[in-house]
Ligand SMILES: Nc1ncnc2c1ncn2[C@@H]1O[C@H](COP(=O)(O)OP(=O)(O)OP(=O)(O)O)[C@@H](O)[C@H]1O
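So this first bit is one chain, no partners, the form predicted on its own, shown in structure tokens.
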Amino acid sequence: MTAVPARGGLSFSRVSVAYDTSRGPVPALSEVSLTVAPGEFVAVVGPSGCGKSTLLKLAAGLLAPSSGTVTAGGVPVAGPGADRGVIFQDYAVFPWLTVEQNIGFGLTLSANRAEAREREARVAHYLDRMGLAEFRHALPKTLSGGMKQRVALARAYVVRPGTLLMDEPFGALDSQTRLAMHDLLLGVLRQEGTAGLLITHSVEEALYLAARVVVLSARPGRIRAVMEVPFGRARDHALLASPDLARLKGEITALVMDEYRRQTALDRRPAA
């Protein structure tokens, strides 16, 4: 198969974020610098409240940094854009649209508008790629959680984003469906050559999917460590039982738990 050119990419340069509250600014991220190369898939882990989702919102253009810069494909991020697809945990599909209509919805908007014939061809491709062709006329209420996430993944990819942003997209799925979705995502990533940023609480999921795993510190989130994942792109479930994955999982989990204890201590500290 012909190699697909790598696309997309992200860059965070000395990014900090502070949220305004009634008690004053609360720092969420501090001086984060990170690059996701075109075609690279990076996962971010860390304790709850460390700023993982804030990082993804910055990349999506849903939030502006308090300081520092964020670029996507070399262009400063000034808001949401067609070059970045976003998938959340909560099955963000339109309940009144069929599977086919949900997948093609982005192609009807001005930023990604496609002619009817091209739209039909691209939707048909992803219906087949995601194993949804026989459910094309079904409404989301008739689908399982895994099928809804396949619809969300297809809808994100049909507009051909350079970068895919994912915030705990598989967290609500059962273990078997989650593994199946992992394999589906790996296949699509290889085929499309898309860059990706995954936010997850699962160290094992991060290691199975990503080329690098970034560990964020306790709030305000800073980069505690960046771990290279040495398994190549062709992965299967046998990897989950490998000693190398177990070793990396143990190392990263120890870092996350250390930051979790720091976060817990901070949360228990009396307010000034």
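Note that residue numbering begins at 1 and tracks the sequence as displayed. Fair warning: this is a prediction, and the values are worked out from it, not measured in the lab.
Another form exists, predicted together with the ligand; not displayed. Remarks below refer to it.
Novice: Would you please decide whether C50 lies within 4.5 angstroms of the ligand in the model of the complex, comparing each non-hydrogen atom pair?
Specialist: So C50 counts as contacting the ligand.
Novice: Would V203 show up as a contact with the ligand in the model of the complex if we use heavy atoms at 4.5 Å?
Specialist: Outside the cut-off, so no.
Novice: Can you work out whether S30 and the ligand are in contact in the model of the complex, taking contact to mean some heavy atom pair no more than 4.5 Å apart?
Specialist: Flag for S30 set to no.
Novice: Just one stretch in 225 to 233, 239 to 247, 204 to 212, 41 to 49 has heavy atoms within 4.5 Å of the ligand in the model of the complex, so which one is it?
Specialist: After filtering at 4.5 Å, what remains is 41 to 49.
Novice: Taking the ligand in the model of the complex, which residues of 218 to 239 have any heavy atom within 4.5 Å of it?
Specialist: Sequence-ordered list has one entry, R219.
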